[in-house]
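There is one chain below, alone, in structure tokens, taken in the form predicted on its own.
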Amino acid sequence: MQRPRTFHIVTFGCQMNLADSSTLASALMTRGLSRVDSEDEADLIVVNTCSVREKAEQRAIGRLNEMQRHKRTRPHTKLAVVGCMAQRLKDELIDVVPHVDYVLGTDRQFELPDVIDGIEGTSKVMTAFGHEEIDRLAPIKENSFSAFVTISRGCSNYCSYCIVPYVRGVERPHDPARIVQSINELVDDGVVEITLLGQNVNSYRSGDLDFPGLLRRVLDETPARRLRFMTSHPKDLSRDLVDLMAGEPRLLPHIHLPLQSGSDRVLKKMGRKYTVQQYFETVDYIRARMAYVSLTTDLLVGFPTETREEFAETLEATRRARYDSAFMFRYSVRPGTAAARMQDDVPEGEKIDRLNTLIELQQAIALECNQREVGRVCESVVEGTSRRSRHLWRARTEANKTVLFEGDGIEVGQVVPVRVLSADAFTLHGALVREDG
């Protein structure tokens, strides 16, 4: 059998999956494989999958079916499916997509180099938990200026609608010394912005060290210039963390704080372990302590038994929170979760109507929030040129907003001051602030 010499990774899902893909790429390159930009050039195609929503799985399966053409034109091409969907479907995935060569779950995906070299087993499907040595998973930068550093893996919250604990296992913290070492190595390699990742960063604990303590250690022991983190769970976000952010400019002023629903009854059925009042006590404290902060969220509509009145409570909570942006979804059944045993009684058409209503409201709020950015000078890291015009640079502000501007002598990865001149609901438009005025 011809050993693959080149590989290409297709990633679906969250930042955690992007980080995992970077780590897997590093492992494959260490074994002598070369990363290529196109599926057509790859001897090994890896699809890193997401299971958080049914649509994410459908998209991945659709792409996998399209990839069968590579097998016809280049029979030696190998196709590996890794990550959350691989973990959830296991052998069933081979029945759905029979041309797949390897199925490796979330704890086994980093063994792919051993699998293709024939070192690790002969089974096409490997999904057993307990094989991952998480502190051996070294992060690498995905581009020249930014990187993800995973501080924990898995989740122990078991929200009733969420598949993550079942496909990623219970929460396991990375060693703080390893986290600090990884950040220092990335900074030495030119990274200017680092995002600390976990399914729930706020519940991080290693011995006596909690998440604010970890951040203090990172601030004290690394020269990292810009630090972000996600995702936060409202029940665990502490005032200690907010106080630390309020006094430390290297911690960028953006908090992603999923609300999910504005109804206490629905939140209880979701297993979220906080009330709407408790959520807004946290939001109010954030805004009282931080003069400038971007607040984003996740919202889920059409959860089993959600009434129209309870959906109206979600709209009211959204109006009150004034989110800068939101990820908004309609409920879909995730087999194996507690909610899957509930009757999915909100009609699909009603779910779509509720979602569209929520999106319309949130876009109006996002436009108002972005209008308040006009006149502000944002220290923004340059990510590249605009997708619509190569004459405009695209950068990321401290508040995690996209700003477009013109400028000469700009380099990707550079942090530049940009004055916001106008804004729509999704993008800021500005001008470079030169030192000469």
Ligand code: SAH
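Computed from a predicted structure; not experimentally measured. Quick note: we count residues from 1 along the sequence shown, nothing fancier.
In what follows, reference is made to the form predicted together with the named molecule, a form of this protein that is not presented.
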{"item": "The named molecule in the predicted complex: contacted by all of R250, S294 and V416, heavy atom 4.5 Å", "value": "no"}
{"item": "Segment assignment from 154 to 162, 220 to 228, 206 to 214, 95 to 103: heavy atom within 4.5 Å of the named molecule in the predicted complex", "value": "154 to 162"}
{"item": "Sole residue of V191, L237, A326, L300 within 4.5 Å of the named molecule in the predicted complex, by heavy atom", "value": "L300"}
{"item": "Interface residue in the predicted complex among Q362, Q87, Q260, S263, criterion: non-hydrogen atom within 4.5 angstroms of the named molecule", "value": "Q260"}
{"item": "Proximity of Y331 to the named molecule in the predicted complex, heavy atoms at 4.5 Å", "value": "yes"}
{"item": "Touches the named molecule in the predicted complex: R108 (any heavy atom, 4.5 Å)", "value": "no"}
{"item": "Contact test in the predicted complex: R53 vs the named molecule, heavy atoms, 4.5 Å", "value": "yes"}
{"item": "The named molecule contact in the predicted complex: Q199, any heavy atom under 4.5 Å", "value": "yes"}
